[in-house]
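Coming up is one lone chain in structure tokens, specifically the form predicted on its own.
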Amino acid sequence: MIKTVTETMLAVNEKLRIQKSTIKNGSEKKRICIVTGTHGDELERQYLAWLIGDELRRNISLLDGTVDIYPALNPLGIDSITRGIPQFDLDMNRVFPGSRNGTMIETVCSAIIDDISGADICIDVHSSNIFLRELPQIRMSVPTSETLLPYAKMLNVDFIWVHESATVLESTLAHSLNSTGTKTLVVEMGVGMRITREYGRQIFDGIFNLMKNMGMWKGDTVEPRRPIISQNSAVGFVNSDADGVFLPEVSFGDYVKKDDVLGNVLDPLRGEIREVVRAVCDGLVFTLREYPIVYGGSLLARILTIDDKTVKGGGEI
């Protein structure tokens, strides 16, 4: 069933309409929300939303509860291929929880919060921008980690990154929902303006595993990966010192040692290597530059520091 969450008039007799797909069967005691499309240039989750809806509709008898899928919280951004809300140059994920008596975007954000609130759990799915590719991961703040970690471990991600609370913006959808008692997990994966099918399938398996553990899904599920959980580990940031074209020599998800070659910054005009990019620490490459044109200061990689006691493929750091 397609439902309208909120709508508002735009110029030239058009409407901004936020919709969701509600799929339910059996008991209505359990409800999970899958939220996507907050940023218009993040398309990885569009495939994930389709995968979930297709599976549920084909096997509706195996569902016991309600699944709400929000494929496009920012349809104007998706339509115009822009990250924020066009014309306003506004990041929607900096406006929550909004206000019922505020501006147009504030009232939209307030209606979204009202609609999701009360769910047993919400999965807020993001991808990176067009410049960086991210390993499938979950990010959360320290104050919410005690509540959210058990759920995060079920979602089949490679990495769980627990931030200090100061790094989590209060104006995001996830923070607003968590603050009012609706458990919300933020998933990051892939790269902007692209779809990586294996990542969509990986998170799809995780969501159905979570639903099975919640008593909402009677079908078979995949055993989830044991994620690396970073609660106190440092993150090494690798930035370019030169302008040029970056060609990586590693893949994200690789484990590297300090001073290992991560790639080269090339000068096509002179036919030279302008910079040999090296790892700043031992650890896991969980972010890697995707867009090759770089300038001095451009972020090339993030490396999670890992000590010798950490077991690859699982365990807390």
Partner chain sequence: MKKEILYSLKSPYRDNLDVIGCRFGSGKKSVAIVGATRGNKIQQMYICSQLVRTMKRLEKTGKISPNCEILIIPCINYYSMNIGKRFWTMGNTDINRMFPGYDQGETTQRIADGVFRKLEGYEYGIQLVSFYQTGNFLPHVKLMETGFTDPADMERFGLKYGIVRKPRPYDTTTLNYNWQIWETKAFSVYSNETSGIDDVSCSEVVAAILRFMYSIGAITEKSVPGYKTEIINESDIYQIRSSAGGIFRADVPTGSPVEQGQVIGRIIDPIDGKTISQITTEYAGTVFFEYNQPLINESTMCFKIIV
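Computed from a predicted model, the values in this text were never measured in an experiment. Positions refer to the first chain, counted from 1.
As for the form predicted together with its partner chain, it is not shown, yet the points below apply to it.
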item	value
Single option in G244, G192, P71, G77 placed near its partner chain in the predicted complex, where near means a heavy atom within 4.5 Å	G244
Heavy atom within 4.5 Å of its partner chain in the predicted complex - the one residue of S179, T196, N213, S171 that qualifies	S171
All of F88, M104 and N239 within 4.5 Å of its partner chain in the predicted complex, heavy atom check	yes
W50 within 4.5 Å of its partner chain in the predicted complex, heavy atoms	no
Any non-hydrogen atom of Y255 within 4.5 angstroms of its partner chain in the predicted complex	no
In the predicted complex, L304 touching its partner chain (heavy atom, 4.5 Å)	no
Close approach of I23 to its partner chain in the predicted complex, 4.5 Å, heavy atom	no
Options 32-40, 266-274, 63-71, 247-255; stretch whose heavy atom lies within 4.5 Å of its partner chain in the predicted complex	266-274
Contacts with its partner chain in the predicted complex - residues in 10-35 whose heavy atoms fall within 4.5 Å	L10, A11, V12
